[in-house]
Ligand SMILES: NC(=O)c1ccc[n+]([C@@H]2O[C@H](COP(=O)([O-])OP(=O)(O)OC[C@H]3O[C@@H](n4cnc5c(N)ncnc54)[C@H](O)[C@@H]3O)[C@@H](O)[C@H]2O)c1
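As structure tokens, one chain now follows by itself in the form predicted alone.
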């Protein structure tokens, strides 16, 4: 008897491969089908993962016995696909950002409430082993009161100007929405709720209608401050989190695959290598646990909505020049 959870993926681009590989590595899922509006992409991914290909998600929902889906389309389609799946009783793991706008995300959350369905936002960095270890340190009080948070996710995205990522009608925004959504969620996960936000946006590449670099300052309800940096145009850059408290400091270094920390009185850093499944497998396993047990994800639709509310405040501040409240 096959007791694996029957899953499908809508949107068969690069991030879909990460989801599909994680489903395989979990050993708990049967990949039934993939759907993409570009038939060649759907067929290629279906051949790669030995499943059926569709060009429409509704046809796939009607034709296949599916329990759960990953939504890996561009943001313009997140709401439509998610609501269609929830109405059919399917559990949904939706890629970040949850939607293009706060209003679209609110509608998705309402759909999950109305159908009593499972809606999880794919904010995978919460499942990064080093981030989980850092959260345990914070919860145990080993770093003391958190004062400063600094996070940088930046790289050179070659050819970004020729992709949907820079089309605001499809993506909803630029790199602040695409990448800093993870950073905002990490601040909330590690430090606490955001009270206000202030952003500066910058566009280096000619002809873009969105920002390709940004800095976001966030202030927590408990008084901690965070600086978030993101860029598509810096070739030598970092993926790291620096956290400073009254008893010590800690760094999540993605390139070194480690958490390192130095507490007050320590002569040197203590280094803890990443252990356990990668963040995509961790994310998928949590999603599958929710499907099996009928439980609410820790990163549900409201968490994705909250990140969008904070980013929306950041975008408003970039126009006004003043910090904006992120009040829900």
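Residue numbers count along the first chain shown, from 1. Computed from a prediction, not measured in an experiment: that's the story for all the values here.
The same protein also has a form predicted together with this ligand, omitted here; what follows describes it.
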Judged by heavy atoms and a 4.5 Å cut-off, are 146, 194 and 223 together in contact with this ligand in the model of the complex?
no
Residue-level question: is residue 118 within 4.5 Å of this ligand in the model of the complex, judged on heavy atoms?
no
Indicate whether this ligand has at least one heavy atom within 4.5 Å of a heavy atom of residue 37 in the model of the complex.
yes
Is residue 74 a contact residue for this ligand in the model of the complex, using a 4.5 Å heavy atom cut-off?
yes
Is there a heavy atom of residue 127 lying 4.5 Å or less from a heavy atom of this ligand in the model of the complex?
no
Out of the stretches listed (91-99, 202-210, 224-232, 104-112), which one is close to this ligand in the model of the complex, meaning heavy atoms within 4.5 Å?
91-99
From 41, 66, 272, 281: within 4.5 Å of this ligand in the model of the complex by heavy atoms is 41
Listed by sequence position, which residues of 163-202 have a non-hydrogen atom within 4.5 angstroms of this ligand in the model of the complex?
164, 165, 178, 182
